[in-house]
Structure formats: C-alpha cells, structure tokens
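Shown next as structure tokens: one chain only, the form predicted on its own.
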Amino acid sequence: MKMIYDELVRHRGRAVLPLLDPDKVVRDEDFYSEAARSVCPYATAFLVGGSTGVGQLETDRTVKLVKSVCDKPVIVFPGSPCQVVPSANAILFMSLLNSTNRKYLIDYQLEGALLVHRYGVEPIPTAYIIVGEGGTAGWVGEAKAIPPEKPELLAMYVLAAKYLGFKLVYLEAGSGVRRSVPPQMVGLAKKLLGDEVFLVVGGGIKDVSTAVEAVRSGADGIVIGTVLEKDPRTGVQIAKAVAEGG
C-alpha cells in the first residue's frame, strides 16, 4: 500500500502542503473548490484542519471536496479528536510540544488513537512547535511560543522531537501572522534533524521569495493557507515555485 509519509519524503525540498480550514470551506465551498483545483498540480498533499469551529462533519465535507477536484492525498491537521475522519488518507498524529496544557501534549492523542486505528487512517507522528507570534494556533493551544531571537530554545525542542522518534517536525509561525519562521531557525532545525525527520514550515508565507527562502534554508516542505484564501493566484505561484525547485 502506498504510504503518504513516503510520498512526502520523495518530494523532500519541494513538498507543498496547501491547508484548508473546514470552518471557512463550508461557508463558501465554490471558492475553496476552485482554489483547491487551481493549486492541485503543484500540491504534494493537502492539509485539512483548523483551530476553531471545526468538527467531524466539517472536516469530512472538506476532505471530500478536495478529493472531488484533485487526486492528491488529503491529510488531517487536527485541532481535536473530533476532526479524525475515515475519508482522509492520513493524519498528522501530533503533539504540540510547547503547549502548557497536557491535553495538547497527550490527552487528545489518547482520545483520537482508537479512531485513527478504527478508520485505518495512516498516522504520521508529528511534533508541532509554535515559533514567534503563533497566531490562533498558539493562543488556542496555550503554547509558550519560541521567540525568534532564542534559537537555543528551538534546538531543545527539535532535538527532543528527534530523540522521541517523531517522523515529522512542523514549525508553525501561525496563520495570517506578519512574520514567518526566520530562515536561520529553519536552518538550525534542519541541521539538527538531518534527513531522519521531515521538516515542515508554515505560517506567514505570503510570497514566492519567502517560500523559496524557507526551502533553501532547509525546509523539506511548506504549508500555505491564508495566502491561498486571500489571493489564490499568489498561492498557486508560491506552490509552483517550490514544487518546481524554486
């Protein structure tokens, strides 16, 4: 059986993960259907998930919407166990490492594990780390966001993720934030992780130059969400540039 994680690894350095928020998608399915169709040729896989207003119904509708217009895998990016759906190909089975609330570290994972197993969704063990502003994800997740000027703190979290056996590390600046994860922090994370762990960077990626810089600094893949919502044409340009090697 084709494993989604292996597909990500095959696209290392040029993986593009468009993110759709079900809370927004169900309010304007025509717009997001067209956005997904437009970016599809350059997407490695789609992420579906959000921090607020999202349950199983909204997640399932969004996964099926993506699959109706694109043949790429769909990965759930869960904010809670109620976003686990059998229609998805995989799920970022993740722990928010710098959360101050244990439910984002382990409790939600315990609740969701049986559903992931029951539905046969491929779990991708993921360390989720909030950097900088953090946006909604940082606020909802009660995270102590890592200051951009404190790379030693990032090193601690990244190494802990690697030694704990996570297969993917996701550095998150937050949706719609002013500043993406700084290139030097991306480079440090990649240096410490090597090719043993897949490195994804998201949040604040609003143009081609920021996306390409993240990849050149060491990101194996990037996430684009807000830019695809606000300016689909720019979102497609970013996805194309990264997928084609910058």
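One rule holds for the numbers: they count along the sequence shown, beginning at 1. This structure is a prediction, so every number in the text was calculated from the model and none was measured.
The form predicted together with a small molecule is left out here; the points below concern that form.
A.B. asks: So, Gly221 and the small molecule: in the predicted complex, are they within 4.5 Å at any heavy atom pair?
C.D. replies: No, Gly221 sits far enough from the small molecule in the predicted complex that none of its heavy atoms falls within 4.5 Å.
A.B. asks: Considering non-hydrogen atoms and a 4.5 Å limit, does the small molecule approach Gly174 in the predicted complex?
C.D. replies: Gly174 belongs to the contact set for the small molecule.
A.B. asks: Is the gap between Tyr170 and the small molecule in the predicted complex 4.5 Å or less for some heavy atom pair?
C.D. replies: Contact with the small molecule, yes.
A.B. asks: Check whether Val9 has any heavy atom within 4.5 Å of a heavy atom of the small molecule in the predicted complex, and answer yes or no.
C.D. replies: No, Val9 sits far enough from the small molecule in the predicted complex that none of its heavy atoms falls within 4.5 Å.
A.B. asks: Report the stretch among 202 to 210, 34 to 42, 61 to 69, 185 to 193 that approaches the small molecule in the predicted complex to within 4.5 Å, counting heavy atoms only.
C.D. replies: Only one stretch qualifies here: 202 to 210.
A.B. asks: Considering the small molecule in the predicted complex, which of Tyr128, Phe166, Tyr108, Phe93 comes within 4.5 Å of it through any heavy atom?
C.D. replies: Residue within 4.5 Å of the partner: Tyr128.
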